[in-house]
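Only one chain is included here, represented as structure tokens and corresponding to the form predicted on its own.
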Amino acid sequence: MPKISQEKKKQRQTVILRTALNLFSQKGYYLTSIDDITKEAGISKGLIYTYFKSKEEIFFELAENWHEFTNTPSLDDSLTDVVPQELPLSEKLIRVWDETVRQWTPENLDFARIKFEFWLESSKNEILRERMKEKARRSLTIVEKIIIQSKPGADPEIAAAFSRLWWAQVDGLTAYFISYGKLPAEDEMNRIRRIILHLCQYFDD
């Protein structure tokens, strides 16, 4: 049997992932089965299992490499350009907020709906829970690192608490989108931004 090139393997994986993503978005994560993915992609179940052990593994591959499918950089990568080191800490933090909101494309928010479903399942599955917690820790670290690098004398516990509060606001707005199918109106988002900026100014004292 001839060997399959790495490029061909990558193409097959991409077909599986894009098909799964479309089905997850249309039907929801839990209502989508491996059989649905094979039928939609026009491939055999055996071929899927050559690349992925389970539906959960397909999801995690999408979660880890989501930006390949949306053509946007990861938040951590994009901050290199939008958060110059010479800015006051509050300005750095509000720029992180602005960049987070800027990346809320319809595709990103649709994927957020899938992630919320997955969080619910992870509450009953220890392996999934640990993987989701690790992703959450990486997000928390983004804000914590900016605080500690800008203010080396800052209390690490305060930085960690602020980061958790920060991402709670992000999660709240994402939950709003999932419930209503849209973000709050622009004027409300502007008011929310002013409140977030006020929180960020805590570190300027």
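Quick note: we count residues from 1 along the sequence shown, nothing fancier. None of the values given here were measured: they were computed from a predicted structure. The term rigid core refers to the maximal set of C-alpha atoms that superpose within 1.5 Å between the two forms.
The form predicted together with a further copy of the same chain exists for this protein as well; it is not shown, and the discussion that follows is about that form.
Colleague: Does any part of T100 reach within 4.5 Å of a further copy of the same chain in the model of the complex? Heavy atoms only, please.
Modeller: The answer is no: T100 has no heavy atom within 4.5 Å of a further copy of the same chain.
Colleague: At 4.5 Å between heavy atoms, is N108 in contact with a further copy of the same chain in the model of the complex?
Modeller: Close contact is absent here: in the model of the complex, N108 is far from a further copy of the same chain, nothing within 4.5 Å, heavy atoms only.
Colleague: Counting only non-hydrogen atoms and a 4.5 angstroms cut-off, does S122 reach a further copy of the same chain in the model of the complex?
Modeller: Close contact exists here: in the model of the complex, S122 approaches a further copy of the same chain to within 4.5 Å, heavy atoms only.
Colleague: If we define contact as a non-hydrogen atom of the residue within 4.5 angstroms of the partner, is K8 a contact of a further copy of the same chain in the model of the complex?
Modeller: Heavy-atom contact with a further copy of the same chain at 4.5 Å: absent for K8.
Colleague: I need to confirm a contact call. Of L47, A63, A161, I34, which residue comes within 4.5 Å of a further copy of the same chain in the model of the complex, counting heavy atoms only?
Modeller: If I apply the 4.5 Å criterion carefully, the residue I get is A161.
Colleague: State the residue from S54, Q149, Q169, T141 whose non-hydrogen atoms include one within 4.5 Å of a further copy of the same chain in the model of the complex.
Modeller: Looking at the other structure, the residue within range turns out to be Q169.
Colleague: Output the sequence-ordered list of residues from 38-64 with at least one heavy atom within 4.5 Å of a further copy of the same chain in the model of the complex.
Modeller: The stretch does not touch the partner at all.
Colleague: After superposing the rigid core, is the C-alpha displacement of E56 2 Å or more between the shown form and the other one?
Modeller: After core superposition, the C-alpha of E56 moves 2 Å or more between the shown form and the other one.
Colleague: Fitting the rigid core first, would the Cα of K151 be found 2 Å or more away between the shown form and the other one?
Modeller: For K151, whose C-alpha is compared between the shown form and the other one after core superposition, the shift is less than 2 Å.
Colleague: If I superpose the two forms on their rigid core, does the C-alpha of K45 end up displaced by 2 Å or more between the shown form and the other one?
Modeller: Yes, the C-alpha position differs by at least 2 Å between the shown form and the other one.
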